[in-house]
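In structure tokens, the next block holds one chain alone, the form predicted on its own.
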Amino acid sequence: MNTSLDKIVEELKKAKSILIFPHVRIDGDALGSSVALCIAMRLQGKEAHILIEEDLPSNLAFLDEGYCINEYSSSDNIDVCLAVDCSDLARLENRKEIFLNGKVTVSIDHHLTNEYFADLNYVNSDSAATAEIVYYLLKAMGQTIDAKIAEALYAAIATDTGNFQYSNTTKETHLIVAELYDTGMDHNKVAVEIYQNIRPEKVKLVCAALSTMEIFSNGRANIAYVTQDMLKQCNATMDEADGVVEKLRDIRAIEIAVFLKEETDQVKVGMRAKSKADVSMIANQFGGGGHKKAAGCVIEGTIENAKQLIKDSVHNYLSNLKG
């Protein structure tokens, strides 16, 4: 079902206008990969923009230097609509129709659950980040990767590998990053912007969220949450709760960590696994997906209801997990 990178390169080279679509609730891989593509396409003389529908997380906003837009007046003249790091159309939410109206639609992704929803699809679930695929795509286009492109790719890879700690990190990941260093990129700047530039309000929110932690399933799982009231009390934003689920996972003996984010009439669920568990199997039960070690889903209703449903599912899964 995969299209060759050469075919995608052919379409991109022919295109005069390219609109790039990262997934909603944008993360470092989606934004970094999109920015790298946008810079490269502009360097090749093309009209290129990244279409988003929400504010960028504060720790990633430095990547946007005039690439992101919130609306596009006409989709009829777009030569290529390019989805980045999206496993399905639902992750484009309010931009789906604009995407589908492109003369050619393309999807580049690394999620095993990708639904191959575009005209041309290149999916490699062995890639640690979509940015790795973008790196090879740009190479295939003959595009020189300069320091600016490299910083975007580095941000994408670093965030999607947990700073190279996750099991998805490979030798290939490190070889790609080694080449990015050769461009003269400022990796320290990227690290400071992403990890060392947080607001005091974020610290308060993280502390509040961690105070809700409950350990269950014989000490092998934990769960915590953040509510809209907690956001107001801390004067924080929901994206500032990012990273809590990793803190939950890092606790000794925990195999599965779950973090709930309360939205209007629904709850967003993020899960992480430490070693043997496959949290994508749990996410799939609720119509979600992701990777073996990092997955998520959305549950309609209250946070109390979502918490109980997820706890039951995680407990049942761990009860049957050998080893």
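Quick caveat, the model's predicted, so the values are computed rather than measured. One rule holds for the numbers: they count along the sequence shown, beginning at 1.
One more form of this protein should be noted, the form predicted in complex with ligand 5GP, which is absent from this view; the next part is about it.
**Student:** Only one of Asn222, Ser87, Thr105, Thr173 has a non-hydrogen atom within 4.5 angstroms of ligand 5GP in the predicted bound form; which is it?
**Tutor:** Of Asn222, Ser87, Thr105, Thr173, the residue with a heavy atom within 4.5 Å of ligand 5GP in the predicted bound form is Ser87.
**Student:** Only one of Lys274, Lys46, His49, Lys268 comes within 4.5 Å of ligand 5GP in the predicted bound form by heavy atoms, so just point that one out.
**Tutor:** Only one listed residue qualifies here, and that residue is Lys268.
**Student:** Counting any heavy atom within 4.5 Å as contact, can you tell me which stretch out of 38 to 46, 65 to 73, 284 to 292, 51 to 59 lines ligand 5GP in the predicted bound form?
**Tutor:** Of the options given, it is 284 to 292.
**Student:** Find out whether any non-hydrogen atom of His111 is located within 4.5 angstroms of ligand 5GP in the predicted bound form, and reply yes or no.
**Tutor:** Yes, contact at 4.5 Å.
**Student:** Does at least one non-hydrogen atom of Cys297 fall within 4.5 angstroms of ligand 5GP in the predicted bound form?
**Tutor:** Looking in the predicted bound form, residue contacts with ligand 5GP include Cys297, since a heavy atom lies within 4.5 Å.
**Student:** Hey, in the predicted bound form, is Arg91 touching ligand 5GP, heavy atoms inside 4.5 Å?
**Tutor:** Residue-level check for Arg91: yes, a contact with ligand 5GP.
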